[in-house]
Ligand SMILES: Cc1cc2nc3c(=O)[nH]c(=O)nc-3n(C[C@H](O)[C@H](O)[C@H](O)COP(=O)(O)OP(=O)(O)OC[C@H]3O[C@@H](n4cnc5c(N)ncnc54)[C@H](O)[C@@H]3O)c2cc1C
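The chain below stands alone, shown as structure tokens; this is the form predicted alone.
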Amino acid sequence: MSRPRIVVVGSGFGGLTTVRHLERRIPEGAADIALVAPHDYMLYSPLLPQVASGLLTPQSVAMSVHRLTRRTRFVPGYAVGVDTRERTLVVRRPTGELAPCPYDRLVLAPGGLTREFDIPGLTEHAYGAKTLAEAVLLRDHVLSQLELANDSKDPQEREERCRFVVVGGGYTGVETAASLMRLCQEAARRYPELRSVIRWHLVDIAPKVLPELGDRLGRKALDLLRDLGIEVTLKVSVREVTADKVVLTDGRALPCRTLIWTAGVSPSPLMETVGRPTLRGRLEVGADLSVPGLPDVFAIGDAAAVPDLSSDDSAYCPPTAQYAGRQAATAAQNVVNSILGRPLREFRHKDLGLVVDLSGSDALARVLRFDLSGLPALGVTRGYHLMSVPSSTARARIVANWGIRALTGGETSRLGFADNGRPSSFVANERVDYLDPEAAQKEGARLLENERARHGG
């Protein structure tokens, strides 16, 4: 094969890391490497709650693809279908038109979308906390509610605007609730009359928060949240959402104009277009990360069901950034091996631990077999984030932001993103029209034929 075409989908932990490993392993000019993604940056999502609270600037967690790669061709747009017969990826460009992206090897790492549930009013009124735009907007919205409440003399309106409900007791929900509660505490210095009115709620259908941390640290997390003034309600979910009310499954109706939805992530619908078995939406792959029956296609990250060979119970790898980044190294090596006709490697990784940053000086960490809390956990947590961020420029920005906050305090001014009223919900923000497997095959063949005709065969 002369100059193989390698296409990687997704600029997240899995996709961008795969591209960087490929650039190291493949001599310049020996292959054409392309990265397909809707945005030309890698989002370091674990720190999004700190962007929502204003502790970090948006640029601190958005690392330019162009600065982190040297010879990868960036293809802007969403991958919406895979034509495995013609070896063509169907890409929906920012203009809305479809375009073909032929491949000889394909690595799928598209990540996931915020999980939806059939709850009346959810898709119209809930705010998301998964994307950079949502984090920036969320901060503006929370501060806007406090400003409007302070300007109102109506007790009912004040209560609605000063109550915030976060759904989801995982990392995103816990960190978002804690970070934004601290933002409200800072803002309340300007609005002393609101201090007794501001209410934050965290609800989850599960019996405990952060179950991955174990019972001891889970209870510690619960205590820290309640010490912050956050009301935590477990074994409860949302029954209905309206513009000024959230109804819970325990029968309570909370006057509220802000519901933040962080109740899990569902795999990208792109995986269903491949036409191979999936496990709850995640594309099933072998231990070598290749798709059974499609030796030229590999899948990693949130949207791939990867066997966990380090587990004794035949489980699958958890959809975390830690695993996606390490799967990327194996995927890149196996892409090279498959081109050169060498045996493929199996993916193996032992979980190194988990970290949770609750802003301020509160943090929790499970490192190998050790449970940490307080300042030791804070040091480990922030050290881990700095090591995981792939850009030295971003690291400098993050450290500078943390230092500025520690020395001068936070800012509680809005940036104007919520001035024209609220945008559509997280469902509309993340919606993309994907193709079904049959349509992907037809569209891929048609686009490829058009491309050949345009270039004279």
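Worth saying up front: this structure is predicted, and the values here are computed from it rather than measured. Residues carry their position along the shown sequence, with the first being 1.
What comes next is about the form predicted in complex with this ligand, which is not displayed.
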Since only the chain is shown here, I'm wondering whether Gln322 would be in contact with this ligand in the predicted complex (any heavy atom pair within 4.5 Å). yes
Any of the heavy atoms of Gly444 lying within 4.5 Å of this ligand in the predicted complex? no
Hey, in the predicted complex, is Val9 touching this ligand, heavy atoms inside 4.5 Å? yes
Would Lys130 show up as a contact with this ligand in the predicted complex if we use heavy atoms at 4.5 Å? yes
With this ligand left out of view, choose which of Ala332, Leu202, Ala79, Cys101 has a non-hydrogen atom within 4.5 angstroms of it in the predicted complex. Ala79
I need to confirm a contact call. Of Thr88, Ser179, Gln145, Thr172, which residue comes within 4.5 Å of this ligand in the predicted complex, counting heavy atoms only? Thr172
Specify the contacting stretch among 409 to 417, 45 to 53, 22 to 30, 392 to 400, defined as having any heavy atom within 4.5 Å of this ligand in the predicted complex. 45 to 53
Only counting heavy atoms and a 4.5 Å limit, does any residue of 331 to 359 reach this ligand in the predicted complex, and if so which ones? Leu354, Val355
